[in-house]
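There is one chain below, alone, in structure tokens, taken in the form predicted alone.
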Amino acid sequence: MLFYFSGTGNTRWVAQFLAQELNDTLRFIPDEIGGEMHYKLKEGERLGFVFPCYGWGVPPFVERFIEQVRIEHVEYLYFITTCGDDTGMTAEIFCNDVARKGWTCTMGYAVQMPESYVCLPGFDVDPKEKEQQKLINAISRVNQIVDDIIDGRGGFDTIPGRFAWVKSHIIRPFFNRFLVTPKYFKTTDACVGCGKCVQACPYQNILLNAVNHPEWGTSCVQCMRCYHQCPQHAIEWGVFTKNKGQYLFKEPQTSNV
């Protein structure tokens, strides 16, 4: 059984690849919330979590899901996190999260994918050439992960990067407290009221108001899919996304390699 979350499509692709190759059941975390959230694994069935790295750690909403979910007969547990660059101490954070459930994480991997975080100075989407190279590299990376899972291997290869402790234990709490918020979202005059942002939001956090402009509720998880999905590039988050790019996952163009 494989639980995942994805905003711009990077993590969805990884999760779908894994589910197909491993013949596992794929479950989208927002779709599971509100249900019984009680699952029983079959004998020998693996449990996996696939999620994007947010603020050099496990996204808070994924942590809440792990805290609330009930899963019986957990034997082999692994996680895959996608990232634009590095993941800090995400492996330690995830292992601590599942340990509180009485579970032991056997394996963890990070897969570098094209950058989609644009809400702070110095962060923008990757140039197209770098984007394509990351996607091409990800294919061999995910194939290796599949082989390791099938073989039942353990260990962690999560690209912690430099200053991992500082990023995950000092910057991350600040990030989660002050920067995971919908209050800075706004639209420019380019908004045509098409409603694609409403359809795109995985947590159904956006509604159109009386003049067909989006308004954000309180359940935003900062996945930024609304920003990247907007065909008019009319959504901004404060002043930080001005003149920055958009990104949604597309299959890599391997024919040119």
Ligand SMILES: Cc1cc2nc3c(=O)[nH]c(=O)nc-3n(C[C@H](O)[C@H](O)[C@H](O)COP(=O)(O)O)c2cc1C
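Note that residue numbering begins at 1 and tracks the sequence as displayed. From a predicted model like this one, the values you see are computed outputs, not experimental measurements.
Keep in mind that the form predicted together with the ligand is not shown, yet the notes after this line are about it.
The stretch from 30-38, 203-211, 184-192, 50-58 that comes within 4.5 Å of the ligand in the predicted bound form, counting heavy atoms only, is 50-58.
Though the partner is left out of this view, residue 158 does not reach within 4.5 Å of the ligand in the predicted bound form, counting heavy atoms only. Within 4.5 Å of some heavy atom of the ligand in the predicted bound form lies at least one heavy atom of residue 86. In the predicted bound form, the ligand sits within 4.5 Å of a heavy atom belonging to residue 114. Mapping the unseen interface onto this chain, residue 229 falls outside it, with no heavy atom inside 4.5 Å of the ligand in the predicted bound form. A single residue from the set 224, 220, 198, 26 has any heavy atom within 4.5 angstroms of the ligand in the predicted bound form; that residue is 224. The putative spot formed by 9, 82 and 175 is fully lined by the ligand in the predicted bound form; each residue has a non-hydrogen atom within 4.5 angstroms of it.
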